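First comes one chain, alone, set out as structure tokens in the form predicted on its own.
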Amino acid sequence: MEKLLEVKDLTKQYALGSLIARILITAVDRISFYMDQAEIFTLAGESGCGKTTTAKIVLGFEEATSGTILHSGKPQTRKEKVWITEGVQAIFQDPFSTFNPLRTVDSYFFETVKNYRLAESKTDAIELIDQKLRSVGLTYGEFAGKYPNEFSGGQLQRISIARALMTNPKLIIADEPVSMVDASLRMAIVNLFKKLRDELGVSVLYITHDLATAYYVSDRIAIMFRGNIVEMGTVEQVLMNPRHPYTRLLRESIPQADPRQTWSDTVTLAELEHDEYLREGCKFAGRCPMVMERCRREVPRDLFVGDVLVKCHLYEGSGETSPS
């Protein structure tokens, strides 16, 4: 079956400094992953790990330094991005920054209807808009003629999702969609993503630092650290039985019922993000409680431990295989 999205050896580098003392930072370092139809796939990791940069490249907002992106088998190129906009839509972190405070929210929906020729009359447009709003638990009557500041953050985020659904996309890219929403509303939004997957067959690329919601909503997950995918597999495999030391650290950072059960105390303080990106060998070596000398010299290979991809020297020579 053809993959909905394929990312192959994606790399993004930024130049820092002057022409005389220029340094290249590799924000995304040869990562590969895929998404199937009707799947929620998560890119998870701390701030600065490269997950949002990856999303921007997939959306066509930034150019990759190298690598390939395929949408339903079609390559994404500099000249051919317009067709993506219907099939791929985005939801961002701050719902209030998505909408101009001086424009009514419904004007964005009518604009989408007009741009994509989704209805022949205003009556048909209102019916379509109401249909999309009802799929996220709202109605046209609740939001017609209102401005962004007349809604709560949770309502506005659901309106953002309804707007993304206007073109019947196959893929929604959701970048930290619940990080600025009250805790009481987070589950409502992630439940909505599951509903869209199950009832409408929409796939979601879910980008987050919150492993709790990632575990609840995801089918598969990739853990990123300093531009690398360090572990990837089903959410049960990765988060319930983490192999990579960084994944274990992330999991242990989730509040526990028994706070005495933790090994994250052995992790040293993080060095500057800048230094970690420039580090030779494993990027996590400066923090890892299981660091070996070779970790500081050699970049670990991508290995399969069962069905889980792990980028770690701990699993070298133990019968694991490199991905083909």
Partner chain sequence: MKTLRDLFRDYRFAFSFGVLVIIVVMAILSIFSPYDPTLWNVVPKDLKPSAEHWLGTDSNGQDIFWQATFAVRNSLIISLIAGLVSRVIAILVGMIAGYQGGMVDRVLMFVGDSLLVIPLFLIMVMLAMLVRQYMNLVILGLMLSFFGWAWDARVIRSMILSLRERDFTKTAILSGTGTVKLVLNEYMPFAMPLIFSTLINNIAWAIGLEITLAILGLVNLNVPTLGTMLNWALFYQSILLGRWWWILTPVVLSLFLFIALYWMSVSISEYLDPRTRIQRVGAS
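Numbering follows the first chain given and starts at 1. In this text the structure is predicted, and so the values were computed from the model without any measurement.
Heads up, the form predicted in complex with the partner chain isn't pictured, but that's what we're talking about next.
From the list 52 to 60, 66 to 74, 28 to 36, 293 to 301, the contact stretch for the partner chain in the predicted bound form under a 4.5 Å heavy atom rule is 52 to 60. Contact check for Tyr140: no non-hydrogen atom falls within 4.5 Å of the partner chain in the predicted bound form. In the predicted bound form, Glu199 stays away from the partner chain, with no heavy atom inside 4.5 Å. Within 4.5 Å of some heavy atom of the partner chain in the predicted bound form lies at least one heavy atom of Glu111.
The partner chain in the predicted bound form comes within 4.5 Å of no heavy atom belonging to Ile126. The partner is absent here, but in the predicted bound form a heavy atom of Ala90, alone among Leu165, Ala119, Val136, Ala90, sits within 4.5 Å of the partner chain.
Using a 4.5 Å cut-off on any heavy atom, the residues of 136 to 168 that reach the partner chain in the predicted bound form are, in sequence order, Tyr147, Asn149, Glu150, Arg163.
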